[in-house]
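Form predicted on its own, single chain, as structure tokens, below.
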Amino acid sequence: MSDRGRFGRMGFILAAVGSAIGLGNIWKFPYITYANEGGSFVLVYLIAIVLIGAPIMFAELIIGRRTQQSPYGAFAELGKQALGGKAWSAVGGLGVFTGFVLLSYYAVIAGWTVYYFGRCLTWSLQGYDVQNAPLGEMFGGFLANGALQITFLAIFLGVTTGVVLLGVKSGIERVTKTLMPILGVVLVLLAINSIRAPGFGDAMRFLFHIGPIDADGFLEAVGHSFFTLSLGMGAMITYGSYVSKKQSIPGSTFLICLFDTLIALIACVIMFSIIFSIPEAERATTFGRSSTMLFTTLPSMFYALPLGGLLSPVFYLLVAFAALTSTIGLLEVAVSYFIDARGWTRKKATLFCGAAIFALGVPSALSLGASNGLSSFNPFGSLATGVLDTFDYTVSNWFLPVGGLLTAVFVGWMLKPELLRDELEEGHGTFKAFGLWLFLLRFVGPVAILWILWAVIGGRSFA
């Protein structure tokens, strides 16, 4: 246990917020909000954060802090008090495995942000000419270059491994306490600058106008409220295990959810101000429900704005920082398992996990055009093509929802309410909303996740 370490109060908040935010906030949330007509989607998302995401986060933090162990050991220990006993450790094992697989392909995508930061620096210094920089073709060529994909995967995982290797206090906490304020300042500056964009007014009306929303949009908002908080993968259980008993779980959860949501909304303000500054006809062909628009259309939009030469590389540096704070949390989930369950030193556990995740990430890196066999791998048919897409589909649509559902059932139905109340009130005081929280955890959260799983069975994909 000597290698585990412990967070300080603000260190935990910033590390947990860093784990929760990432490409999902700055990349995915804006484009799914745009695709679902803005304001009403955002409203449903905010309600779902309160009714579904936050209650399950309470549960994960309770498990971690109560046991002071990694997800596998935490479920095994608390499972002794529940029907099913140590079999519940499989839920913790699923969380560790999910984080392991997720990081292997997430780091590939995170590496793209480093590459594009470099490209934007070059364009800003040498001049940007859209005729000589066809972004779609350039991005396709970059994806198909296996050597580049593996190189940037190695760079991002190398930095992540280096941070985790330094430990909880000296590595994770110190780095996130540095990166998160920088990320916040850059976001605010970009948002302030977006006020000058011609499309700012239209962007605000779109983002906050309440209008009709269809069933698909409603479901997507509910689903993203769960995925955005890093739930179902053991990250919050792991970080919770490094938290002092003096820290308030309800207060910490409130701050994590608040900062996560604010960052997602600010990202929308920035990106929509750019999008709504171009003609509507062009907008329809350049921005939509596309997971690659961050790399195929956004740079040219930046360079069409005042100060675009400065803003473009700064934006990609911001996205890289956000991705790094997430990859740190994902790697720590796996590392904490080997420290707690296997008795390994932090150095041995971190280097082993970093190397193993890199090896697992290589097929994803080569499945974007570099290898025909890996790129055409499609066990789920049209739902996913290529190793990276298949991993993403499996994790997002099955592992995360199932992990979240079983966590909600375990804490809400298998553990004694007295134990839960004691843990929630430790470091907080009387928690008057305990009955409401338990109701949400027992009924609302599981029903929402079952709805997500039912949609997945019916052919819907949240990847």
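Numbering starts at 1 and follows the sequence shown. Since the model is a prediction, treat every value here as computed from it, not as a measurement.
The discussion below concerns the form predicted in complex with ligand PHE, not included here.
- In the predicted complex, ligand PHE lies farther than 4.5 Å from every heavy atom of L153.
- At a distance threshold of 4.5 angstroms between non-hydrogen atoms, F358 is out of contact with ligand PHE in the predicted complex.
- Under a 4.5 angstroms non-hydrogen atom cutoff, ligand PHE in the predicted complex lacks Q149 among its neighbouring residues.
- For F142, no non-hydrogen atom is located within 4.5 Å of ligand PHE in the predicted complex, even though that partner is not displayed.
- This chain is drawn without ligand PHE; in the predicted complex, the residue among S241, T350, T160, S326 with a heavy atom within 4.5 Å of it is S326.
- Of the residues A448, L441, A20, L14, just one reaches ligand PHE in the predicted complex with a heavy atom at 4.5 Å or closer; this is A20.
- None of 23 to 31, 420 to 428, 46 to 54, 65 to 73 except one has non-hydrogen atoms within 4.5 angstroms of ligand PHE in the predicted complex; the exception is 23 to 31.
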